[in-house]
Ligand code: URP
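Only one chain is given next, in structure tokens, and it is the form predicted alone.
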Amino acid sequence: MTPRKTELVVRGGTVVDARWAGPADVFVADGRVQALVEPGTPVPAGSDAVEIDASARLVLPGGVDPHCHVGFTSGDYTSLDGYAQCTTAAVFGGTTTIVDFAIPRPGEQPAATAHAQRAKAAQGLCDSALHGCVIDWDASVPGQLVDMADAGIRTIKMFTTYRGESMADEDTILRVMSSLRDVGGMAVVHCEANHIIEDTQSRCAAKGHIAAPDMAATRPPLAETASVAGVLAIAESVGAPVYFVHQSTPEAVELVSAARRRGVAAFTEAVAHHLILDDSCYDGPEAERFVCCPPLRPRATVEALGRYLITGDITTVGSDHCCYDLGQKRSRRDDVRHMPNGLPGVETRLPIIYSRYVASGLLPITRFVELTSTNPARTNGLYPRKGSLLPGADADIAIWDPSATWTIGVDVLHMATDYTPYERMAVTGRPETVLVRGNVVVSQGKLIDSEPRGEYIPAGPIDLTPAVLAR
């Protein structure tokens, strides 16, 4: 077989993977990483490779965001971005793969919803994978789960809250977990005990404390820990893996860690806003900017949660990106039960985590890659094609200036909204050049290729090897 010709070389940078970092040049051919070589190694004879100078830069695998809602409808509100807008923002933020959700509306079948959402991937500037969703169990669901697994949709989201819209009962959760276990899949669960939420909100409303500034009080931490404990018991009873999205308290994380020590394949996701912002945001004049579920927690809780990034108890960091604008957020700021919950964050996820935890010296750069790229790829069945720069992986590469200082603002971002919860936040570190499967999409902070080349990436069986569960 004729060796592939090297088409592109990233030279002079520090290459970072989840387990090592060091000087290396990256050779790219046919959209894949061809080799990691000693700095200055000449390209093979006959190659006419484009060279990118990464001197004094970090060369990272593109981020994998395990938690993005694209064009998401909840209640009366639909978020404002499609795949083109969301993935444009993603690549500017150093993310080259998003994992979206296909959440059925009333009367829709999970598999049909998933297949329709999957077809949108070609509109993106980067690649995407997909979580399905089950709300109610009936005789058709097992076949639909097999159908979705065959199409590479192996992670299925379920909610323990939002009665009458997306909430799944415990029997449904157990049955879905059992079915997924047999097809190499995994349940992805939003855990807040609905009965506690509804009771708390009713009591808050009776006192006239149900508006945006009251958000933290309406969804207490106890609702999260109670639900996590119950879902862990189901997973343990049927011997199925489970992934908990946006865990916001150390108590919830500790429940999952304890279960993992007992042998349960259980994973914790934290999201960027719970690791950066705190509930003092609700004290300001525009509290609606920060309304999300679970809500922002006290500063002491945020600091404690951040320590679990370092210990390894948190498996992944996502964005929980929901691209509403201020008009939507303000329309029902008087009652958080009816306003859209969620924050835009696909573009800011990596820079704010890098700045707070890596640039400050709290987190090794290898662990940053593990949390934001490698482990999200592993827990979504995308590794080693995604989440790595080892030979054979897709050449999804983010070249970072680790010392760049800049100020986050809606005027310099690319999300399809008119605000960011991090407005005027000063950060250090920024991706400046981003490649998707070997194509330079962003160069020196400018979009140079807006052609949609996004591909849907089917998931393989979920990685439950000891390396993933070791921490």
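Numbering starts at 1 and runs along the sequence shown. Just so it is clear, the model here is predicted, and its values are computed rather than measured.
If you look for the form predicted in complex with the ligand, you will not find it shown, but the lines that follow are about it.
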Suppose contact means a heavy atom within 4.5 Å; in the model of the complex, does that hold for all of 72, 293 and 322 with the ligand? yes
Residue 159, heavy atom within 4.5 angstroms of the ligand in the model of the complex: yes
Should residue 341 be classed as touching the ligand in the model of the complex when contacts are defined as heavy atoms within 4.5 Å? yes
The ligand contact in the model of the complex: residue 190, any heavy atom under 4.5 Å: yes
With a cut-off of 4.5 Å between heavy atoms, is residue 246 one of the residues that contacts the ligand in the model of the complex? yes
Counting any heavy atom within 4.5 Å as contact, can you tell me which stretch out of 62-70, 442-450, 425-433, 36-44 lines the ligand in the model of the complex? 62-70
